[in-house]
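Just the one chain here, laid out as structure tokens, in the form predicted alone.
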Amino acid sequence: MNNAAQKLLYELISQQSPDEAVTWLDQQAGKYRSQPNNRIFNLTFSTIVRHFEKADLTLNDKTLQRAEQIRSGWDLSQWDVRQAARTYWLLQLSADSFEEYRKVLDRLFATADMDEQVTLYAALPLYDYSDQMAYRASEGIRTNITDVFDAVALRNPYPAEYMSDEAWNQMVLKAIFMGRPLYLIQQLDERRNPDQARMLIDFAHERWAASRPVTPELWRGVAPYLTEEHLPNIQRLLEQGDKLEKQAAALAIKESENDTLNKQLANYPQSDKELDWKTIGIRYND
């Protein structure tokens, strides 16, 4: 996977960067391969900003499919050329020893500026020892910097594959708190769990008590666990909610497969075409 990812990234940055920049990167890679040295590695990572522009990658469907084939869930759609060059460089890191590998990356995470942190977190699923770096994802979701949080939580397969339920639930709750689009979190439905549903309902109650809005996407995380106990919440949405909230309530009830709630839903006929969760998320956030 690492070699295939390197090859794709190299092709992309070569197509969109000056020859001088690509030649410089080749020379740095040659130096590092002939003499793996942490100083060269760290210096090159921090110097890439001088050689590669922060311009959107030019991508087509074939390239996006190729990325998906290399690493399931790898989504390049929001990457830029500089990020691709930095990630290409990160994949040069010697993986002979996990302890040394982790030491080098930990230092980069500790000293990185915001753009570099975005690269480091978005690259989590590509690292040689990615299965042992869940602590990094958990650390990343503590940030209040939107771009960094998004690099961990959105369009990234890593959290769903490696985060504990506790960390995962905190990430989803924080995404709602920060106003981030839940539909861009990969495997959101597959990782739903009872503890998360309780946290989200408590959060909704807190927001309502403060007369603050609640994203209709929140009910996606609650849907499989709705029972008669939640009837007052659902009635509130169906009676007082806006169009998207009513759609979300109806969709959550249907997913719950709870007979009592489904009978109640018959009292609130929906005038609009039924939406799915992704469409609700897009209409709410975009």
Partner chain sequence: MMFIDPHIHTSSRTTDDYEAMQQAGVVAVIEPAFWMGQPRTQVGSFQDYFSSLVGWERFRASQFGIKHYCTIGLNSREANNEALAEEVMELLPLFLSKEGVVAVGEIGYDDQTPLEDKYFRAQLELAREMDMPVMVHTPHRDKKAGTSRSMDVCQEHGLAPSEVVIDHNNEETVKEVLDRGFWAAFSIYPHTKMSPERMTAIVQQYGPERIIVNSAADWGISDVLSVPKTANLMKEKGVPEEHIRLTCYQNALDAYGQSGQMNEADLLTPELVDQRKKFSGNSILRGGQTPRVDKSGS
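Positions refer to the first chain, counted from 1. Everything numeric here is computed off the predicted structure, so don't read it as measured data.
Only in words, not in the display: the form predicted together with the partner chain, which the text now covers.
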property: Per-stretch contact check against the partner chain in the model of the complex, the hit in 59 to 67, 32 to 40, 222 to 230, 253 to 261 (non-hydrogen atom, 4.5 angstroms); result: 32 to 40
property: Contact test, all of Thr47, Leu108 and Ala112, partner the partner chain in the model of the complex, heavy atom 4.5 Å; result: yes
property: Partner proximity in the model of the complex: Glu116 to the partner chain, non-hydrogen atom cutoff 4.5 Å; result: yes
